[in-house]
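Quick heads-up: it's one chain on its own, the form predicted on its own, in structure tokens.
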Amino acid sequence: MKVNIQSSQPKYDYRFNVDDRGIVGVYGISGSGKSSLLDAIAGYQDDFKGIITFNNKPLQRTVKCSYMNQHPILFPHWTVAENLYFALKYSNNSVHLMDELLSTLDCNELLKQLPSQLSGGEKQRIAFIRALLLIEDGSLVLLDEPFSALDNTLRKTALDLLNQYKRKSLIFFVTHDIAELYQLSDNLLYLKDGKITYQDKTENAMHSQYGNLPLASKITFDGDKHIIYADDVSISLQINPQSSIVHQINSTIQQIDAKDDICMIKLKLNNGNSLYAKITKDSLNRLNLKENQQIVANFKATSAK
């Protein structure tokens, strides 16, 4: 997708290119223009100048778009079942898929209820199911804070579901939870004052320290992928069997970047992964740490997302 659009009300200037498949994480403080970006892509803004192309064609003429607003909109006079069956009329997906999604997100008991009878989290789950039902190969999906009202268990389930669809569609995913973007997104857009001020592959963005993006690493251990934040990593000179820290991994210091009283240290784990640690300059001097030195990287199990 190529986006080059400008508007004076609301004021924005969006210019970026992303692949036509995958998840694009959209991040920035409140009021930075994230929702306006999704509105413009969805066609809710008709006063902008410029063009959006998708699969090398003008967007509005070529693609089915599924948009889940941060305040889920369901037809109030229809039951949950009627809302979902309405979506199926405009989709090539089956009732079987709808049944699977209802079971996965624990929504079977909601089918006969009206939207006014649902909690905020229940509305989000139904709106998310409706969005997934509209996804087809080559489609566009816009999600604005889709999981903010879900508990941790349901949120993980929803994120796992979303990850399954990124190979067949382009998904724009707005959230204030940077951990979700670090986990799922392929590319990251950082917005400020209605402009894209930073764009990169998400794994590069994790190391950029741009704006308020936390420094983090995506590593694999015990057969799973984890996001580890530099603030959650400590360094010791040897493994301590009496420590409460679960993960103690032999590592090599690759790079030390000292700035003021804080040091960013890039580590190379024995399994080939890179890991970042954030320590004080006092700790650096006290441990006499140097590049190419063998050390132990420590982080708690709860640091792994």
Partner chain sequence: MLDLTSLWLSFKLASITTLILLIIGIPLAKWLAFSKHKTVPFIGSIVVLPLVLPPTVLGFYLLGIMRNDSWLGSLFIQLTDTQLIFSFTGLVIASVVYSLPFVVQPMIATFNGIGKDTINTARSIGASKSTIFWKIILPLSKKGIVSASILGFVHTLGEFGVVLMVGGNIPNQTRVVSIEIFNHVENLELQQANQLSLILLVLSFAVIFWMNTNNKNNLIVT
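Not measured: the values here are computed from a predicted model. Positions refer to the first chain, counted from 1.
The discussion below concerns the form predicted in complex with the partner chain, not included here.
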property	result
The partner chain contact at G31 in the model of the complex, heavy atom, 4.5 Å	no
In the model of the complex, R130 touching the partner chain (heavy atom, 4.5 Å)	yes
Contact label in the model of the complex: L134 to the partner chain, heavy atom within 4.5 Å	yes
Heavy atom of D46 within 4.5 Å of the partner chain in the model of the complex	yes
Location of the partner chain contact in the model of the complex, chosen stretch of 167-175, 86-94, 210-218, 195-203 [non-hydrogen atom, 4.5 Å]	86-94
Answer option from L267, I279, I41, V63, heavy atom within 4.5 Å of the partner chain in the model of the complex	V63
Contact assignment for the partner chain in the model of the complex, among A179, A81, A149, I73, heavy atom within 4.5 Å	I73
Residues in 223-250 close to the partner chain in the model of the complex, defined by a heavy atom within 4.5 Å, in order	none
